[in-house]
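There is one chain below, alone, in structure tokens, taken in the form predicted alone.
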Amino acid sequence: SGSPESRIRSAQRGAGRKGQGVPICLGCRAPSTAGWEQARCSASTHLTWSVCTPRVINAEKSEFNEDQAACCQISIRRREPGLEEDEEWLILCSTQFLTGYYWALFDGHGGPEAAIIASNYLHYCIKQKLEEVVGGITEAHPPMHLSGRCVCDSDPQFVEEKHIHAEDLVVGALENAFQECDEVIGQEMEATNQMGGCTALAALYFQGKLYVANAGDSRAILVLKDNVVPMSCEFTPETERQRIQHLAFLFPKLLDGEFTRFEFPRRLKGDDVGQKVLYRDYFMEGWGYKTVEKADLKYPLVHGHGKQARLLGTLAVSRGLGDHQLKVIDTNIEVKPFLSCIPKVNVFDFALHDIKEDDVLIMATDGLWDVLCNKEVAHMVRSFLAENRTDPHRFSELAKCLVCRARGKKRAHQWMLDDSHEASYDDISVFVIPLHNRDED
């Protein structure tokens, strides 16, 4: 219990720079061991959804682990005037509340602090934002006025014409929650004189639908019997090139004369001046030719390809939480204006699908996806679950299997996959969440 701020500071004090602190979230704790962290949630905790286990591995490949995980049950009720905040947190599982189930992964950079704060606070923001709109969520068509008051007789028609449904209020609540969490992280990091940020991937099961909100390069997929459903997309300097370039076009002072917003196939050299070379600007999906000017020799706003692509030569992601104090090295150029904390939310309606026993949601940080594609993960999931039908811990073991596969095996001084390709050298976190019988626990 206690205020969210006190829980955040308590988690930070226990973390230190080595990332040994663990997320504590409504009864869900992830203890740390040498090279491994495991967070297990079962019916004995507040999260009563079968069994779900994130596995986070560092394998002693780097100095500290920057991944954090959180999962909990979220109870949403109508706010009543005069009810103290601490009282809200003491009342958790009453049948009068709407109940949601929440999982999240946070991949920190520049240290684990932002990921720790997010793992302890984002679920609170989501609960708060859902309670603010719960009066509209419980209606088939949300009213124009939350109070139900009708100022204009045509209000219901306007709402219907905009195709506004309860689902849209949940999406909006998630977007607002990420925004608020980002602000809190900025305040906390400034108050404690710390730097850093994190990506955020959150899943919410609520009223028969699965909402997956992503800000960063983690990924979630549904592995169903007959197909794979991507539930997120990665946000990198490459995938958001046009948004980033357009911002630089609108506010050129953000670049402080040190960068060019144009994209070129390679970094330009002095001999390119006066020549026509391939380029792209913010309004272009395709390519064109541009006569190179001296100003084009500046470092590109977005540079590199694939995992080497960087925003302002600094960050490999274009969305996430934190990084309020981050500046380009040896300059006063702030990176934060080009980062977005707003997630893309995808929705999966279970009422429209026949969910089978082995259907699962896979959530993982980029440490997994750097070396395994959706198809490979889906094949591993289906094969493992089919071969271990009687194992009560098969979903937990599957998460461990996925992590071990991405970690690879040490051969001499390298970690290698079975196919002799390099294994992941990043932190790896995986949730395996069974979808069948989800309302029966």
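Just so it is clear, the model here is predicted, and its values are computed rather than measured. Numbers for residues come from their place in the sequence shown, where the first is 1.
One more form of this protein exists, namely the form predicted in complex with another copy of the chain; it is left out here, but the text below deals with it.
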| Contact flag, E161 vs another copy of the chain in the model of the complex, heavy atom cut 4.5 Å | yes
| Is there a non-hydrogen atom of N332 within 4.5 angstroms of a non-hydrogen atom of another copy of the chain in the model of the complex? | no
| message | Is it the case that Y279, even though its partner is missing from this view, gets within 4.5 Å of another copy of the chain in the model of the complex, heavy atoms only? | response | yes
| request: Classify K327 as contacting or not contacting another copy of the chain in the model of the complex by the rule of any non-hydrogen atom within 4.5 angstroms, answering yes or no. | output: no
| Can we say H145, G304 and K344 each have a non-hydrogen atom within 4.5 Å of another copy of the chain in the model of the complex? | yes
| task | Only one of D359, E263, E240, E188 comes within 4.5 Å of another copy of the chain in the model of the complex by heavy atoms, so just point that one out. | result | E263
| request: Could you check which residue among C125, L169, V212, A248 gets a heavy atom within 4.5 Å of another copy of the chain in the model of the complex? | output: L169
| note | Within 4.5 Å of another copy of the chain in the model of the complex by heavy atoms, the stretch out of 130 to 138, 196 to 204, 293 to 301, 213 to 221 is 130 to 138
